[in-house]
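Here you get one chain, nothing else, as structure tokens; it is the form predicted on its own.
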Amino acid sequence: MKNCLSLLFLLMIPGFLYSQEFRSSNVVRINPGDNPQDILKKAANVSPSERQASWQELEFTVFIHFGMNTFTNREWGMKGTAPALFNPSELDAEQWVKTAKMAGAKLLIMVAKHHDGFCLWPSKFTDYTVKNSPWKGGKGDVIAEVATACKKHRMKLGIYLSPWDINSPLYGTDEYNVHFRNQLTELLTLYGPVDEVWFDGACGEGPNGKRQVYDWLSYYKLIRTLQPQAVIAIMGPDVRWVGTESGYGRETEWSVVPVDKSTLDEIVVSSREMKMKEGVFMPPGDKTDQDLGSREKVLQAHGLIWYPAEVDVSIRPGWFYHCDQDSLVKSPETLMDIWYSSVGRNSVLLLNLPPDERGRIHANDVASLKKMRSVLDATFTNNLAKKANIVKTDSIILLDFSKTIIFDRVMLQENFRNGQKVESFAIETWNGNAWHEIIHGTTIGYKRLLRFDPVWSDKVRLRIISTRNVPEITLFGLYKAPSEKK
């Protein structure tokens, strides 16, 4: 067993076993009499729901922005755009899914309706849909084609339905909430399993000049009823927005964040009404600050929830396709930098791939993704730590090699299903006389990736500097990135 750096082995190392002192839950209330030690133990044992954990393990997902804006060359739609403009000549949903899978994505989120209100499925509740376009003689259904392709290639399906609708005459009235739930019901009942429902908070004027008051809780309850395994993201109770559309997450990313008393009460009420453990709630406050879950924040909280981050970015400057951006596709190097700064910082990466007017992802985008994937695979296929003897003492895991190795990447993982505990750590090498720090970090969570110049050593150790409870390190991996060809 000494050469096996596996989940079971690390969890069996004395001192790295999971403490059962507090029962795990994805929400916990802080009581007035709790001392700092009690609060930190509670924080360490807040854990994800099954849907949140399964989502986190996807690591990488893709967005498909395609619709009326593709044909009007805009990012934001206009009122009165005729359905006749929507007419892709070579729409190939299977190419979208195969491209996403080639890049390593595990879930595809399809924009079913953007702010312009044009529906990519033949909704019964509006005429502003593909059924009144010339595409396939009005018999087409983009969502059906995407769902079929996802099923064929074993890709999970997600849905984005814009809450803002500048076309609907109901927008700005109570009837619109009914209308929105009706359209949501269609999307969640006609196309098979849906594993993520993605909402933003977009709220502008409708054709009547009114703004809508969204009945978010009713949307959440409908999703929980129709697709209970689906995470509700961004304007939702399962997944939060990281705060930018740059693709770069925080250096310190806590999945456990404070929550106020009113939100705690909301969760309790919804749990009781829906007979479910974790309930639903409106996203609490601004979650875009740099410091969301530090020890200082946690010790001042009324309660804590598991609320992980999704990092979204487009492969191009725009979210929809524009031919003048064909030369501005993010390079493989930029995409890898984003990968290390999102997946490698305890977040899930959501990368947008906008198909062109034909209905295909452009060759430039595909080429950049292919190169990114090949370098990532070449880097992380061979875990050098598997060749080490493993020694654990206190808060240190030592990898002792029989000969000198060279590496420039480290991968760390906690058993995040049992909570997030590590607050800071250091990676150190032995130079023959003393230990030398090569890099340090703060949070680990589901995954932490670290990059540095190549290092040679026959002994490498992970030293846990600060933790909220007994840590569970499930992976301490060393890797060497391929050398760049000159």
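Heads up: residue numbers just count along the shown sequence, starting at 1. Quick caveat, the model's predicted, so the values are computed rather than measured.
The next section is about a form of this same protein that is not shown, the form predicted in complex with a small molecule.
Spell it out for me: taking the small molecule in the model of the complex, does every residue among Trp198, Ala202 and Trp319 have a heavy atom no farther than 4.5 Å from it?
Looking in the model of the complex, the three residues Trp198, Ala202 and Trp319 all sit within 4.5 Å of the small molecule (heavy atoms).
Just one stretch in 246-254, 180-188, 114-122, 149-157 has heavy atoms within 4.5 Å of the small molecule in the model of the complex, so which one is it?
It is 114-122 that comes within 4.5 Å of the partner.
Check Phe380 for me: does it contact the small molecule in the model of the complex (non-hydrogen atoms, 4.5 angstroms)?
No - in the model of the complex, heavy atoms of Phe380 and the small molecule never come within 4.5 Å of each other.
Answer with yes or no whether Phe425 is in contact with the small molecule in the model of the complex, where contact means some heavy atom within 4.5 Å.
Because no heavy atom of Phe425 falls inside 4.5 Å of the small molecule in the model of the complex, the answer is no.
Answer with yes or no whether Tyr340 is in contact with the small molecule in the model of the complex, where contact means some heavy atom within 4.5 Å.
Flag for Tyr340 set to no.
Look up in the model of the complex whether Asp238 has a non-hydrogen atom within 4.5 angstroms of the small molecule, and give yes or no.
Asp238 lies outside the contact set for the small molecule.
Consider the chain as shown here, without its partner, and state which of Phe63, Tyr446, Phe66, Trp55 has a heavy atom within 4.5 Å of the small molecule in the model of the complex.
Exactly one residue meets the criterion: Phe63.
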